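Form predicted on its own, single chain, as structure tokens, below.
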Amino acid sequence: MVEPLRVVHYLNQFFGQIGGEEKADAAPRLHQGPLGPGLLLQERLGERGRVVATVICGDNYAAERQETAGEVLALLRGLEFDAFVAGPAFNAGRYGLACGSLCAAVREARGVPCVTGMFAENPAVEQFRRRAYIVRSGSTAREMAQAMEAVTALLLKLAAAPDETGVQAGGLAVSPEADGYFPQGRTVNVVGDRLAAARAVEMLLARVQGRPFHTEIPLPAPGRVPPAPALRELRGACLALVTEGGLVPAGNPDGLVGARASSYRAYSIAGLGSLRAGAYESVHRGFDTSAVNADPNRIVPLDAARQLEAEGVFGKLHETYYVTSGCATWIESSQAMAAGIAAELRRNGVDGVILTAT
């Protein structure tokens, strides 16, 4: 009889049920058995596995401390387990970074299968996809059931694997296409039933005839944005301040969201020489905003811009700054917001932009 897998599950403070953003600085802790989404993981595992423990850690704590992985490994030092699951993190940036780093650390330290799940635009995907198995998921926890199903299926396949070749015991292949995880950049040799020459000719004929085809060696196709032409004359130019740092008037009167933004805001800086602490705050959910809240000019550099304007380095400063929150923002939303801001800037005769990021 095959013994059930002993699985450790990682969750952030929200899914670990210790609190919301006020518990984002919580240090790692160990809970016996499944908790929150771990109950769904246990249901999917059935008799094939058992969630023996849950690690819980605050998003800020995990994102801001490089030693977090070591602390989690120390918590697990006396625990016997066969597999590790993190999240899924969906499109949550801090959570994704924690899930990716812990999967990579546990895999390297303990040599057990480690799986997490994320939305394609989570920044942790590109950072950790080569060091961890990251299953494709939807963008929000509304799709938890589907994500956990995919995570569990891949985990069970990996647990049956004798090595890292990508071929399982019993001949079951593990591949990004078949098992729904992000490619890791590894080349795996498998024995096919047709010669490479025949497959290549078939693909070529399909391509020239306009039929669907699939290459065995896909090349990356990163999006490219052509750079704007340089300003011919800076001294007479009108410049504007634009930021994705989520800086808004104190109290956030217009309700700018801190993540997954699809709109921007515009605020007057007419007559201001700098941005006063206490009058502004950042609602961005992807970084520690304390330094920006203490000095808003760190993210919207009005004080430096006014000085350069007074010295005649450029012509004049546009009397409105534009802001959104660049945390977990979809590419389509970013493109739409950029088009809207650019149209307003052109109507106001702005020649160039100082764009600040977090």
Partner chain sequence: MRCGAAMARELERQGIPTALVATLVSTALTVGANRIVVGTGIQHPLGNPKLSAEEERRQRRRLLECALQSLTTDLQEQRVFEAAAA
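All values derive from a computational prediction rather than experimental measurement. Residue numbers count along the first chain shown, from 1. Between two forms, the rigid core is defined as the largest C-alpha subset superposing within 1.5 Å.
Absent from the display: the form predicted in complex with its partner chain. The rest refers to it.
**Q** Do all of Gln32, Leu39 and Gly46 end up near its partner chain in the model of the complex, with near meaning a heavy atom within 4.5 Å?
**A** Looking in the model of the complex, the three residues Gln32, Leu39 and Gly46 all stay beyond 4.5 Å of its partner chain (heavy atoms).
**Q** Find out whether any non-hydrogen atom of Arg232 is located within 4.5 angstroms of its partner chain in the model of the complex, and reply yes or no.
**A** Contact with its partner chain, yes.
**Q** Is Arg298 part of the interface with its partner chain in the model of the complex - any heavy atom within 4.5 Å?
**A** Because a heavy atom of Arg298 falls inside 4.5 Å of its partner chain in the model of the complex, the answer is yes.
**Q** Quick check on Val51: any heavy atom within 4.5 Å of its partner chain in the model of the complex?
**A** Contact check for Val51: no, nothing within 4.5 Å of its partner chain in the model of the complex.
**Q** Using 4.5 Å between non-hydrogen atoms, is Ile56 touching its partner chain in the model of the complex?
**A** The answer is no: Ile56 has no heavy atom within 4.5 Å of its partner chain.
**Q** Name the single residue among Thr68, Asn60, Thr320, Thr329 that comes within 4.5 Å of its partner chain in the model of the complex, judging by heavy atoms.
**A** Of the candidates Thr68, Asn60, Thr320, Thr329, Thr329 is the one lying within 4.5 Å of its partner chain in the model of the complex.
**Q** Would you give me the residues of 243 to 272 that have any heavy atom within 4.5 Å of its partner chain in the model of the complex, in order from first to last?
**A** Heavy-atom contacts within 4.5 Å come from Glu244 alone.
**Q** Against the rigid core, is the Cα displacement of Gln17 between the shown form and the other one at least 2 Å?
**A** No, Gln17 moves less than 2 Å.
**Q** After a core superposition, would you say Arg285 shifts its C-alpha by at least 2 Å between the shown form and the other one?
**A** Indeed, Arg285 is displaced by 2 Å or more.
**Q** For Arg199, does the CA position differ by 2 Å or more between the shown form and the other one when the superposition is done on the rigid core?
**A** No, its C-alpha moves less than 2 Å.
**Q** Closer or farther: how do the Cα atoms of Gln335 and Glu126 compare in the model of the complex versus the shown form, where the change is at least 3 Å?
**A** Relative to the displayed form, Gln335 and Glu126 draw closer in the model of the complex - a change of at least 3 Å between their C-alphas.
**Q** So the CA-CA distance for Pro123 and Thr324 moves by at least 3 angstroms in the model of the complex. Closer or farther than here?
**A** The answer is farther, because the C-alphas of Pro123 and Thr324 separate from each other in the model of the complex by 3 Å or more.
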